[in-house]
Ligand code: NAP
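What follows is a single chain, given as structure tokens, in the form predicted on its own.
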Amino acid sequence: MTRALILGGTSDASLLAEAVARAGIDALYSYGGRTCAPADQPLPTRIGGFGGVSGLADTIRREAITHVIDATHPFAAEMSRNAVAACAATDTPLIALERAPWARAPGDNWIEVADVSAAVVALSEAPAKIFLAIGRQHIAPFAARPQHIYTLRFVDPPEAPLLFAADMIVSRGPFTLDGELEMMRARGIAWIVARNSGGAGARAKIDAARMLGLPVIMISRPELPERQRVESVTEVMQWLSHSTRLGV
């Protein structure tokens, strides 16, 4: 009997949850708890962390999970590493639903860096208006460059005061190209800092930057352990179906 655990929080994870529900597969959807008002899912849902590798392994055993799908954000490195370790400890099949990263296109002016700290260093010394499109968990290091005027965009308002002055936008994507162009022009954005999340839902800001000739400091994805990885919901469903037929 298949019982899947979806480690979610992305639009791809929501599409997977819908497909799993339509197929009548027993499954549990898990949110990490980063968002105050997460989207409703058509599956039983839990919210919050597991308590590291051992906590996730305990959940897999307690909930009689037979398959784990890591559909978290490409930058949720700790959760993805924990999933690899917990599935190895419990001998549970694991697959990652991970969108392909964006590739540089003609006209893109990217400065590719390894992490957030490197992104701070890559900013110009001269004061500039900067759009930080990186999520609220990663903005603190930019306090080291207070001469800039920052625009931030979060799904939820921040729970604590920011460490630096910023123009705050509270909005949930996906965002359109026209909307991103309007936002950047209205605020006089000169630089963009983004993580290479991939996918269509967050792509508009990258296309807008190209059209406006703006430099983008692009943060590369973290290195993750080797694991089976696919890029579509269809491939995950095929994996679940094939595993079920084989009794895996």
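One-based numbering along the sequence shown. Being a predicted model, the structure only gives us computed values, none of them experimental.
Just so it is clear, the following notes concern the form predicted together with this ligand, a form of the same protein that is not shown.
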Please tell me which of Arg61, Arg221, Arg187, Arg46 lies within 4.5 Å of this ligand in the predicted complex, judged by heavy atoms.
Arg46
Using a 4.5 angstroms cut-off on non-hydrogen atoms, would Asn82 count as touching this ligand in the predicted complex?
yes
Under a 4.5 Å heavy atom criterion, is Arg145 part of the interface with this ligand in the predicted complex?
no
Wondering, does Pro215 line up within 4.5 Å of this ligand in the predicted complex on heavy atoms?
no
Does this ligand get within 4.5 angstroms of any non-hydrogen atom of Tyr31 in the predicted complex?
yes
Non-hydrogen atoms within 4.5 angstroms of this ligand in the predicted complex: do Leu7, Phe50 and His73 all have one?
yes
Residue by residue through 184 to 201, tell me which have a non-hydrogen atom within 4.5 angstroms of this ligand in the predicted complex.
Arg195
